[in-house]
Structures are given as structure tokens and as C-alpha cells.
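For reference, the chain that follows is the form predicted alone, supplied as C-alpha cells.
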């Protein structure tokens, strides 16, 4: 009902309220009119343009979660004001790279979304047959959404060491993750994108890179209720991605300690796992879960719950 708030800190402990970075509009014709659903905003800095770019998941007012759009805004300052540019689905008319190979195309041309009941919820249990999962993997929903663009719900942003930025989001009715390259100014997509874990039902992606390996922690799709986290690794942002078991350890690891991944913050060679604790009955009282990411003897990331910790914890872990 207000917009995107922004806070600043010099120590990650004490925070200053800097106000509203992106205000929702009072214009009922605006995509971000007051009462829209604007979720999980992420901001990255473009060193070439000197601009701060915000992307977010947007649902149009009064339209439930059917729009599944990505919105973009830009500012000269991290505290705003950000200027809203537009919203829409992603990469219309463009197939993902993994569906452009000859082998993938053979399967892709065979699948037809119209053979399924269009009015039925894709999350419905009756749909989850082996054939349905095979059709999703072959690109059934990617084909359905090709002309208008791919759905974009839970999302994050990642800027690689060479300055290339990526938009990572849930697509295909939350069944598949997409990783899409952004343009040099970070304000649009290049058309280069891949699908990750088709039919795997992942959302809430959070990504980081350590020692040449890209890691991504995600969540399953269980509405507003927490579930067990998932983890993937890859030698390149564009994959191929390999899935691991739940990176969480200990009590309540099966519900990610009550949180859902949203971002991973690099800090002096270390990494902070950030998660949202949703409170759907009292949304404005939603909380956050931040934990240090640890690594086992094989360099595999994992999480353990800590009721309290400070930045010195990283030194203790390393020792």
C-alpha cells in the first residue's frame, strides 16, 4: 500500500530508515497502482551507467497471481526515488537455450498444452502423472507462454564478476526456474536464458559464487508455509545445474527454520543466507532470518540454526 522501503547500515546490525525508494501510484491505470502485489524487490548497481536498477515480482491489482510479471525501475541513488519503467512477462517470442538443441526440439514439438484441462490448476494432484512431468520438462508451459513471454514470480538478481547481470525467477506455473541474462544497462533482457530443474517446483532462488562454483539455494512451493530448502551448483550461471540435498542441518531443518530463502549477501569473503519468515495472517509483521553460510570439508555449503550471532562468528567458523 506504500511501496518499497529502504534501510541503510554500516555494520549490518544498526539500521536507518531511509524512507520509500519506490512509491506505488495513485493512478489506477498504472501497473503499480496502490493495491497491486509487489514482492521481493532486488536492487543492483550498474557500474557502466552509474544507475541503480530494481527488479521485482509484480501482480496487477485485482488480478490475483495471474499476471506473473517482472517490473523494473531505475534510480541515481540506492535510496531512490526510483522511477518505474514498465512491467511484463520475460523474453516473449524467445525459446530458452536448452530447448533450442535438435534433441530438445524433437520432444518440444510433440507436447501440447491443449491436451490438458486449461481450467484446472496445474498444482492439482491429478495432473502430476509421469506423462505430465515429462511434458513439462519437454517445454509444454514454455511453449504455452512463448508468445506473451515467460511467467516471472519469486525472483532474485545476480551480478557476475564480469559485470553481466542475471534475473533468476520462477516460471511455468512455479514448476521451473529460469535464469535470464540482462542487457548491458540491466533494464531489459537479451533473450538468452535457460531453464533449471523443469517440473522441480522451485521458487525463492538465492545465488552466490565461491571458488569458481555457483551455488543456488531455493525453496519448494507450499504456499505461505515453510518447507525444506533445496540446493544446486553449477560451473556456469547458465548451467548445467546439479541438485543437492537440503543444505540445512539440525532441528527444524525440514522447514528451513521457519524461513524461505530470498538472498545471499557476500561479506568479506563470507556469505550470509537471508530468508523471509512469512506471517500471512499479519503480513506487515513478517520477520527475517539471517544465518552464516558454512562449508564442510568438501567445500559444500550448509546451514545451522543460531538464535544469535555476530560477524565474529565467521572468524570462529574459519578457525
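Please read all numbers here as calculations on a predicted model, not as lab measurements. Residue numbers count along the first chain shown, from 1.
One more form of this protein, predicted in complex with a small molecule, exists but is not displayed; see below.
For residue 40, a non-hydrogen atom is located within 4.5 Å of the small molecule in the model of the complex, even though that partner is not displayed. Although the partner is absent here, residue 203 is a contact residue: one of its heavy atoms lies within 4.5 angstroms of the small molecule in the model of the complex. Not displayed here, the small molecule is approached by residue 154 to within 4.5 Å at the level of heavy atoms in the model of the complex. The small molecule is not drawn, but in the model of the complex it has no heavy atom within 4.5 Å of residue 256. Each of 65, 223 and 260 is positioned with at least one heavy atom within 4.5 Å of the small molecule in the model of the complex. Stretch 223 to 231 is the answer when you ask which of 107 to 115, 223 to 231, 75 to 83, 177 to 185 has residues with heavy atoms within 4.5 Å of the small molecule in the model of the complex.
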